[in-house]
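There is one chain below, alone, in structure tokens, taken in the form predicted alone.
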Amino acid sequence: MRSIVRLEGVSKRFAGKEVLSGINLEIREGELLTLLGPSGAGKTTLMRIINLFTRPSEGRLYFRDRDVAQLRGEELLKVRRSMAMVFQKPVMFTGSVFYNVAYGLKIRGYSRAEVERRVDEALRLVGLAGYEARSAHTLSGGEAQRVAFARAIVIQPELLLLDEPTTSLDPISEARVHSIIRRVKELGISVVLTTHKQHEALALGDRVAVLKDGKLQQVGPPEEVIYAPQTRFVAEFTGMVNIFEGVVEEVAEVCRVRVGQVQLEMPAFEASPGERVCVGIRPEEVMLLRTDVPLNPRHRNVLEGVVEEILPQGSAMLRLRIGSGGLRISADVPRHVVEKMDVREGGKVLFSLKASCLRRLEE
């Protein structure tokens, strides 16, 4: 798939402080790329560089394989006008909703008939048909955000940049914005979305780029980032709550790692006996086992624990304690399984940590 934007070795410093470091990233035609990271990770600065609001201190930015640094005048303006950005807190111009949405078309010289046609299409797409005459300053936060979307997409950009557009929205408004984002992508527009919400990044993104302290930690499809995190930070930020320090005991076709009093078998990786490592497994990959049937020999890492707590949610989150060594594991188990197996707080359960689901995590 052809890239629309490519960053090579991009770094940015403000007053001597580096906020982005060695960013190598491409944005592909028609994809929705989510930039996931905590506040202060550098997400907004990266977006401003892509949108040509800010120049990098080092590195190159290419738009459709053209070095943006070499562009001047009309050529640079053409690139800028092929992108649109929606901010976390959109600013509404004084005037009507129609005026706000039509502004970008008017400065580009479109006819009145074309402006009206495009504004009508944009407002219908964001669910605000009939709002044309409303004063923009009377809109709710969610409505203003949708007007900002209409204002951005009405110019039919090649690239739409969304900087934490749902941060201040309630769940219903957030769901509406997610629906709009999906519809925008169906138009063939490439989209970059920054967020600190892991559920949002993983649900919307074709690819997810995880950013921490100005450095990219991992870039890949959501399934890869969730189930094959490369670093401890990525694992923690995407919900892998079971993370343990261990010592390598054996390296062969599989690796055996001792965590407290428990030996765990996991896929082979490069290490030496005695080496300290960090391993993790997602809570939904912890499997409860029936005790009234013979144990399947294919199960590895079979452990017995005591249920310390059952948290009420869509599925049941169990907190398990293993032995007296203090090792604790969280298991995300469907509620019907908990009920069928009569799992209760204080009761003992048998469970398996599937070897192939255990991951070594770089610090």
Partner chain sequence: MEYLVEGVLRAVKLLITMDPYVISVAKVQVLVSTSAVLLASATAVPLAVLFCFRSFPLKNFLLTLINTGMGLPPVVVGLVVFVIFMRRGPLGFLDLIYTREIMVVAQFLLAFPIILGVSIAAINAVPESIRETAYTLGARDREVALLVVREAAFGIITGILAGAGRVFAEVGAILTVGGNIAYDMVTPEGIIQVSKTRTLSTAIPLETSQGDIAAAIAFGLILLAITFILNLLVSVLRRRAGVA
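Residue numbers count along the first chain shown, from 1. Keep in mind the model is a prediction, meaning the values are calculated, not measured.
The form predicted in complex with its partner chain exists for this protein as well; it is not shown, and the discussion that follows is about that form.
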- Item | Touches its partner chain in the predicted complex: G104 (any heavy atom, 4.5 Å) | yes
Review point. Quick one: is E75 in contact with its partner chain in the predicted complex, heavy atoms, 4.5 Å cut-off?
Key: no
Item to complete: Indicate whether its partner chain has at least one heavy atom within 4.5 Å of a heavy atom of Y62 in the predicted complex.
Response: no
- Task: Find out whether any non-hydrogen atom of R146 is located within 4.5 angstroms of its partner chain in the predicted complex, and reply yes or no.
- Result: no
Practice problem: May I ask whether T231, F244 and A331 all come within 4.5 angstroms of its partner chain in the predicted complex, judged by heavy atoms? | Solution: no
Partner-free chain; cross-checking its partner chain in the predicted complex, the single residue of R81, K215, R258, R117 with a heavy atom within 4.5 Å is R81
As a check of understanding, the residue in R108, R290, R276, R124 with any heavy atom within 4.5 Å of its partner chain in the predicted complex should be identified as R108
TL;DR on 300-308, 26-34, 62-70, 47-55: the one with heavy atoms within 4.5 Å of its partner chain in the predicted complex is 47-55
Those residues of 75-102 with a non-hydrogen atom no more than 4.5 Å from its partner chain in the predicted complex are L77, R80, R81, M83, A84, M85, F87, V91, M92, F93, T94, G95, Y99
